[in-house]
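Shown here is one chain on its own, the form predicted alone, set out as structure tokens.
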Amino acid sequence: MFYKRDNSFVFKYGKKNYDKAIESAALCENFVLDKDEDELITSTEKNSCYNCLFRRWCSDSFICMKKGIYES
């Protein structure tokens, strides 16, 4: 679901693939819902990487900061 760019892990499906973001969050042990409601992108009924505390948006997708800690 991610590819490595420099020393970061970038979500390979971009900013609008909601199904893949949900699928990725379901597989992630480190998912934490962002508590800032202004930062939530999708519904919170299902976990989504788009709503995760550890994502940082970049120009074409987001970077998983937690994945970078454990897999770099």
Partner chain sequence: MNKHKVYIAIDDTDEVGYYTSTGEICEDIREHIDKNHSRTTPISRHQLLLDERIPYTSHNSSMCFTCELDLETFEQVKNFILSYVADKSAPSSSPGVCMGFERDICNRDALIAYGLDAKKIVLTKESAYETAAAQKLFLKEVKNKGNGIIGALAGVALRAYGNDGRIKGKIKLGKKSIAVSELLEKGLFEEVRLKHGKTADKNHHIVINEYLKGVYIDHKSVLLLEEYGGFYKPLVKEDLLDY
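None of these values were measured; they are calculated from a predicted model. Positions refer to the first chain, counted from 1.
Not pictured, yet referred to below: the form predicted together with its partner chain.
- Annotated contacts: 15, 18 and 41 all touch its partner chain in the model of the complex [non-hydrogen atom within 4.5 angstroms].
- Residue contact with its partner chain in the model of the complex: residue 58 places a heavy atom within 4.5 Å of it.
- Heavy atoms of residue 22 never reach within 4.5 Å of its partner chain in the model of the complex, leaving it off the interface.
- Using a 4.5 angstroms limit between non-hydrogen atoms, residue 1 is distant from its partner chain in the model of the complex.
- Residues of 1-36 placing a heavy atom within 4.5 Å of its partner chain in the model of the complex, in sequence order: 5, 15, 18, 34, 35, 36.
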